[in-house]
Every structure is written in structure tokens, then in C-alpha cells.
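Below, in C-alpha cells: the form predicted on its own, a single chain.
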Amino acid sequence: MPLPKFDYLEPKTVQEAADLLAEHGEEARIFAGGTDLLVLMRERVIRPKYLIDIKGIEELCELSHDEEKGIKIGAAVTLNQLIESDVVRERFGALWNAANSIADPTLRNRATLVGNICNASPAADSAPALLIYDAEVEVASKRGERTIPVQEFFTGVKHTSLKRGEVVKAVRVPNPPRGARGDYLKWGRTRGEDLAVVGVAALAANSGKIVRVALSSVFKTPVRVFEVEKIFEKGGPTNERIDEAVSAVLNRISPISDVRGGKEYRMHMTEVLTRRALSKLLGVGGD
């Protein structure tokens, strides 16, 4: 089915993009990679009259790293650009693995990290990694600019805390604690392109005193389980803390049954992947 008709707008600055979005309101959509947007348009789920293409805005195409501030990922930076970054691979392992798990190499040439989170799917693979790294989302509008902690960005299924007329400029990810190791484990129906049945991001640092866990596809939004962090702060035998952490995760989530998996299956795979991720990062035996 062909795409519905629309007007193509190509701003050269963030302010121009924000002005266009304010002018056209609900009739406009921001267009970067388009891997979700164009599918929805082709299926007539949405029919915007205007597409505002931000790929020509130079500052939104930048991926940079600062030893004090961490990495800055512009809204038009593709997933393959993230994957090709040595800094992301070496210091932000959970995010690098998450980017690798999304779609296939061809789609990752177009798909963006910012698009992945703005789509606001509970199964968004990049979201758990951003949650454990305390990322922030920078947005702009005619009213000015503001920063949203990623913990507050997701508000429901396909809903974010973005206000009308706001354009995401970038995602900032602070440097993780010194010596931190991160991972993202995804369970899908196939080894190829698929949405997560369960996704688990984990980070460990400071000899196991700092541990973070966040998940996708098991709650109405991607979710970080802060109870896990309290468990590891208090100390004790590692295996016992992992057991407690797994229980805390299972108590926090509320998965649904859908075409990709039943609630009970998701609960089981959450337990398996959480234990596997923590055991690997903390250097103990696990399945």
C-alpha cells in the first residue's frame, strides 16, 4: 500500500524544527529514521499532513564523548553509528549490546536511538540500558529547552512526557562508575529480527556494591528496579544477594500475555535472564 500524501519539510536548525512543529501541531510528525513512522503511515494508523525531516540539522547528527559529561547522542544518530563507536562498545556495554539487538543491520542504518525511545514501546531495547546509565533526554520547543531524566520519560504504552511542540535534541548518558561492566540480554522468539519477549539490562561496579537492573517488555513501560540496588548496597554473600535481586525484580514487574509470549513465560524468562546477567557481571556461577 502506498504512503498517504504529505508535505515534506526540511528545517536546518532545531529552532526551525520546533517552530514548524508548533505551527502544524498534531498534523505534523518528526521524521528521522522513519522505521516506525513510515510503517504506521503505510498502515493508515496515522496520517500526518507534514513530515519534518531533522536529518539535515547538523547538531542532531553528532555523537560525541566527554570525559566528564559522558556521551551525547543526537536525535538523528543511527543505531549503526552507536555500534561503530569504540567508546560505546568499551564503556557503555549494555547500550552497545542493546543497539546490536534491534532489528537488522540494514534497518539500523536508518533507525535512531531517539526514535526507539520516542516510540515508547514497553519492549524498546535501548530503554533499559539508558535507565541503568541514568540517561537524560534533551528537548527543545518554542518555549525553550529542558532536560528530562529518562526515568521520567516513559509514562505509559506509546506515551512519553514530551509536551506538545517539543522536539528531542539528544540523549545524554553520563559516564558509568569507574570499572563498571554492563550487559543487555534479550529473549525473543527468533534469533533474527524480533521484538523482545523479555529484555534485561544490568550494570555492576565497585566490587558488586553498585548493581542496577532495568527491563523491557514486562511492564507498561520500561522499568528500573531500584530495590535491587538497595539489596547490593547492604552487602552479604553474592549468591544470596542475586537470589534476593531476582525476587525483587519478579515482585516489581507485571507482564502481559500477547502473541509473543504468555505472562507466566515472561516471568520465567525474566528470572532466567536476570540471574544470568547478574551472575556474569558479578563473576559467580549461573545458568
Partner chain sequence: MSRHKISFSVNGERYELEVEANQTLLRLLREDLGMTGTKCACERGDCGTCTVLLDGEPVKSCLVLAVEADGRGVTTIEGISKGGEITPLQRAFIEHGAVQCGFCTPAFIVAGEALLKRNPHPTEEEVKEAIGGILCRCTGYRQIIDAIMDASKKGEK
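Positions refer to the first chain, counted from 1. This is a predicted model, so every value here is computed, not measured.
Although not depicted, the form predicted in complex with its partner chain is the subject of the following passage.
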Task: Contact label in the predicted complex: residue 43 to its partner chain, heavy atom within 4.5 Å - done: yes
Open item on the list: Given that its partner chain is not shown alongside this chain, does residue 3 nevertheless sit within 4.5 Å of it in the predicted complex, heavy atom to heavy atom?
Closed with: yes
Task: is_contact(residue 33, its partner chain) in the predicted complex, heavy atom dist at most 4.5 Å - done: yes
Open item on the list: Can you tell me if residue 152 lies within 4.5 angstroms of its partner chain in the predicted complex, counting non-hydrogen atoms only?
Closed with: no
Open item on the list: Counting any non-hydrogen atom inside 4.5 Å, which residue from 55, 29, 252, 241 sits next to its partner chain in the predicted complex?
Closed with: 55
Open item on the list: Looking at 177, 174, 156, 105 here, can you tell me which has any non-hydrogen atom within 4.5 angstroms of its partner chain in the predicted complex?
Closed with: 105
Open item on the list: Which is the contacting stretch out of 132-140, 109-117, 179-187, 164-172, given heavy atoms within 4.5 Å of its partner chain in the predicted complex?
Closed with: 109-117
